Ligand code: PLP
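Just one chain is shown here, as structure tokens, and it is the form predicted alone.
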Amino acid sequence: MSLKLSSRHEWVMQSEIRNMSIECDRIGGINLSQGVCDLEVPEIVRSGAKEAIDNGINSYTRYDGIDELREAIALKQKRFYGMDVDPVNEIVVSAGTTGALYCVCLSLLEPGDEVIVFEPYYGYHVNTLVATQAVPVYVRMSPPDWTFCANDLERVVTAKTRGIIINTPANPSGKVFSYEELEMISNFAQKHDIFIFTDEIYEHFLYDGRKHLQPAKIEGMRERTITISGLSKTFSITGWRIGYCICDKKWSQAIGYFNDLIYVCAPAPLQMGVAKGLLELPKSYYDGLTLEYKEKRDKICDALSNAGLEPYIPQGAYYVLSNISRIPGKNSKERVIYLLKKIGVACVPGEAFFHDDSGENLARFCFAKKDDVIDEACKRISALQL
């Protein structure tokens, strides 16, 4: 039989995040692996989607999203960051942040183009690059604050370098890039004439007084920056798949056309629900996220410390990387499986976030869970005896 899979199937693989969710479901454990965010969806967002369905907003939208949502995103940018955005020509709504990044890569990268990725990285960033035939190149950040320097960037840049991905706040490290770091990256991007692709999906999850800073706001960076974000985490709607990118109009049309080809459009009534949330939820809602998730962060970090599993305290997002070298096993996958079987708590092996074996002593725990779930998980972790 000559029929076979295409060679492309080797470019993507089942993520360890989803693998651990499957393992967790199999034994009925507590899932701190996948960032499913099981908190309550704001009522105004839910009712907005329901009203849209009832009012017949169930057909295809424009290739770049409904007017109401693009206008709401533009207002949100002005409200939070003082950034003026043209909702007609500079915003493309897509199927989640991952969908937006995929369309961006197809539009702006040629096969063989290199893109710098900070490590530890989010696996879907790397897989998206590979799936579009771009080449990820890695810059290792150093714990505990996940720092890097300009020389780290200069060491990996080549004539093929076309872009750099910034995830801030970052998954899995929880790093929030400082102004000095973003300015360093911006100078580097201008020097080498490359794009900056951002993933800012965790922009409202910030701790200890930190602020979210957008690379596009730095002088000289607006034209070369593709700002990507979404509402999956902010509104606890990971299954709705509503994301977007903001960019100069010279890039947006091609990105929108790829979005139309691949996804046609994000779900119309769900776009309306998100638009309603962006327009009507008060600032106190976003402030509340910070307070609520900081409490969850502190709980999980205390539990990990009690168990002798040193946590790297996240500055943002809702994950914590922890040193699991004390847990039995030859690598991070064996160690997290041991932990799952021992106490019924699932996390993600650190190898999922590195291109080599540097993550073998790390695991990622997600704390975007209801209080009773996170409390039970912390109880089990604190009682762990190694």
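Each residue number is its position in the shown sequence, starting from 1. Keep in mind it's a predicted model, so treat the numbers as computed, not measured.
Unshown form predicted in complex with the ligand; subsequent notes refer to it.
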Spell it out for me: taking the ligand in the model of the complex, does every residue among 96, 167 and 199 have a heavy atom no farther than 4.5 Å from it?
-> yes
Please determine, with the chain shown alone, which of 280-288, 231-239, 175-183, 133-141 has non-hydrogen atoms within 4.5 Å of the ligand in the model of the complex.
-> 231-239
Consider the chain as shown here, without its partner, and state which of 227, 128, 271, 171 has a heavy atom within 4.5 Å of the ligand in the model of the complex.
-> 171
Using the partner position in the model of the complex, report whether residue 122 sits within 4.5 Å of the ligand, counting heavy atoms only.
-> yes
Is the gap between residue 319 and the ligand in the model of the complex 4.5 Å or less for some heavy atom pair?
-> yes
Let me know which residues along 107-121 have a heavy atom within 4.5 Å of the ligand in the model of the complex, or say none if there are none.
-> none
